[in-house]
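Below, in structure tokens: the form predicted alone, a single chain.
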């Protein structure tokens, strides 16, 4: 099988990579694999060094702290908690909570449980736990029957493609969405539910591979600053190199892109990077049993060695160009079926004329040996590993062309 979906975008350097198999066969690593610690209270002696070697070696600009977690949802859930804790400490002038705070929180009442909110975007996906679900707006099936919070939801720009042909229209659309963000922040403050944080994906993945310009994100970052809200960039799906840079937000060209950056998937462990001021003020406020897994950091350190040694980010850029050019050609050849090809690196997608046709094409491609995934209402998303080479691109394009030619 040619896997262009890689376990929902989570396999960084393919299956059975020799470097990882060698790592697993090293008897010195057996203890890390066999004994899983409760990291919050009993981290292994070498854990700080291993974190420095792995996660901190690829820390986003302006960040020197990382909190490990087990998965994307719990990474975001705890990042939200960190933003709320930071916001309330700011409001209290960093004074200790009073008795009323401590007693009211035990019965889910204010002021201990404050009426704060997180602003998210229509089409966004941040996870399926309760807090994350309140910021997830990609598919109804994720949210149905689950109680939620009264938090603001801003429109995400709906850009027209190809981008270079619609610069004026797309700039107007982004300006409209930014204006709505500011309006919502003011409105929720007036409602008594101030926005403590803004969360956004650099490319809305599950919601349909929706892109926005670097200018849009730079302006959004400034809006967060202006209104005293934390800015959380969710890189769970985009992080790890698939866009041609290790972090998708690097394409924005900012020295100070975020206050929190969450990750999982291609980084093999979950967690979030954060500014110093978003460090929880007391132990056990950001806590669970595992808080990640040292064996995954062991694997990640070797994955990062491979990425550097084999120049895989350059490989991604080359393969991504070939993939996009191929998608443009197929789109011109089958205009009744395909439209809106878009992407960054190999993090690409294309729209199909309708959901039924999309699902039929996915099945037919699978039967011919290619694994693909859907996203949004009618898109196919491409999420290959970083070792996806140009000859793999051509293999895929040939098979996909056959599938399209046979489609009735």
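Residue numbers count along the first chain shown, from 1. Small disclaimer: the values here were computed from a predicted structure and weren't measured.
The protein also exists as the form predicted together with a further copy of the same chain; that form is not presented, and the subsequent description refers to it.
Colleague: Name the single residue among 363, 56, 353, 30 that comes within 4.5 Å of a further copy of the same chain in the predicted complex, judging by heavy atoms.
Modeller: Here the answer is residue option 30.
Colleague: Counting any non-hydrogen atom inside 4.5 Å, which residue from 251, 211, 275, 137 sits next to a further copy of the same chain in the predicted complex?
Modeller: Residue within 4.5 Å of the partner: 137.
Colleague: Is residue 332 close to a further copy of the same chain in the predicted complex, meaning a heavy atom pair under 4.5 Å apart or at it?
Modeller: No, no contact at 4.5 Å.
Colleague: Would you check, heavy atoms only and a 4.5 Å threshold, whether residue 343 touches a further copy of the same chain in the predicted complex?
Modeller: No, residue 343 stays farther than 4.5 Å from a further copy of the same chain in the predicted complex.
Colleague: Although a further copy of the same chain is absent from this view, report whether residue 36 comes within 4.5 Å of it in the predicted complex, heavy atoms only.
Modeller: Output for residue 36 is yes: heavy atoms within 4.5 Å of a further copy of the same chain.
Colleague: Using a 4.5 angstroms cut-off on non-hydrogen atoms, would residue 264 count as touching a further copy of the same chain in the predicted complex?
Modeller: Within the cut-off, so yes.
Colleague: Mind telling me which stretch in 140 to 148, 243 to 251, 166 to 174, 315 to 323 gets its heavy atoms within 4.5 Å of a further copy of the same chain in the predicted complex?
Modeller: The contacting stretch is 140 to 148.
Colleague: Within 4.5 Å of a further copy of the same chain in the predicted complex, counting any non-hydrogen atom, which residues from 295 to 311 show up?
Modeller: Read in sequence order, the residues that approach a further copy of the same chain (within 4.5 Å, in the predicted complex) are 295, 296, 299.
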